[in-house]
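Okay, so here's just one chain, in structure tokens, the form predicted on its own.
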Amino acid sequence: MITVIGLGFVGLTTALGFSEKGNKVYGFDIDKEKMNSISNKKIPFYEKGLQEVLKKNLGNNFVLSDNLENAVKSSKVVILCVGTPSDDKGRADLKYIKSALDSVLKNVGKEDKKIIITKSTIPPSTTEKEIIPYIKQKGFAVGEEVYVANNPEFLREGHAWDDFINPDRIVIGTNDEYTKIVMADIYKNFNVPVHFVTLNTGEFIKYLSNTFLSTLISYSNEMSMIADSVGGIDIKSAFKIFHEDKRWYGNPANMQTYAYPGCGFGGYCLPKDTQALVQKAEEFGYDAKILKSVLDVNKEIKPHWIDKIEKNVPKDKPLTILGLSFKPDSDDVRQTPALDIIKLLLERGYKNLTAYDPMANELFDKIYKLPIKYVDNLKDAVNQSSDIILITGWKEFIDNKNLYADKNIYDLRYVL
């Protein structure tokens, strides 16, 4: 039996995934509104395909638990899927992990041999330097009375269910054989390589993945800014031809979608994890120059686009914004490039802004409360202005190019 603590994007997908594979899973979250939504078989965020999986598993292999004590005591494995936001210095804040550990450990007996798995993204050395000492402070002998490991997730928003059920690899950072035996049994039905590595290696692989993707994006944006500076360069064609190199296609992950210019990366993972690794590197005496530059370019690309728009669009003219989520097929607006771009437009004096996103209008307005107008369909949005700024590459925007025939388009994703 498994208990999953934290039922957000990663936690709920994890809980339902292990349920689907035949495990008994308890789910717990301190957010009562989220728990009520899930108990009513309604996903509290958008993730393709997950609604049907919830309806199938809730009350069967997946059980919501208001009683964390019973859930923990009934489970062999406890998986932490709580947030690790950035603190004011860009470091990964572990307060939610420590709070979850407090709740778990007070319900653990020293003879239970409980395995605590951190699935939340944490910088390399966190388990060894912070989590294990914290558990020891609570009076437990790690590796004898309580076992600790990390199991990073590699889930793409919009494709999380398929990524969990059909992964390309499983990574488990652990220092003991008991955890290896138990976790190998849990993952035996996934039929993919299960890599048991050291604690630091498990954490590092997650950051290796995310910072590589963020580096590709910022590299492409820097090249697009160089191309703009030189002039006479068809940026879209240049990158399309660049992608014809057959070496890109050895992996179905389509890495060319990252090595392509746009208006910056956003969402919960890439900005936070890149910054966290910069901070962690400094703690160990290394200056991560490339990663710092990646973050700098990710900031610079937004005003670069606004400068281009400002040269052509008078301040008193209306502007239409297409796309508010940080990526298509998601309603996630955390650290979305749209936020920075709209704020810059407002700061530069553009006051007549209309926005449309197929999924994120309501959430964007609820969180950021900016003085802009929202419309609920693409046609109305396009009709608001002769100048259109496309920020998110939704398929709906790409498939309706005819609507922009007489418009000035600023295609910040180079998708049209």
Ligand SMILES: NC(=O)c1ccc[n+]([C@@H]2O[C@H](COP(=O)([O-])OP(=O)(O)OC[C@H]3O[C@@H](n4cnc5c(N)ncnc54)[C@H](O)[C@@H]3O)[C@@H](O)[C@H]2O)c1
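Since we're looking at a predicted model, the values are computed, not measured. Quick note: we count residues from 1 along the sequence shown, nothing fancier.
Absent from the display: the form predicted in complex with this ligand. The rest refers to it.
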property	result
One stretch from 26 to 34, 343 to 351, 48 to 56, 380 to 388 that, in the predicted bound form, holds residues within 4.5 Å of this ligand by heavy atom	26 to 34
Residue (of P303, P318, G83, G143) lying close to this ligand in the predicted bound form, criterion heavy atoms within 4.5 Å	G83
Position in contact with this ligand when the complex is considered in the predicted bound form, options S330, Q335, T121, S224, heavy atoms within 4.5 Å	T121
Interface membership of Y96, this ligand in the predicted bound form, 4.5 Å heavy atom rule	yes
Contact label in the predicted bound form: E203 to this ligand, heavy atom within 4.5 Å	no
This ligand contact in the predicted bound form: L7, any heavy atom under 4.5 Å	yes
Interface membership of G17, this ligand in the predicted bound form, 4.5 Å heavy atom rule	no
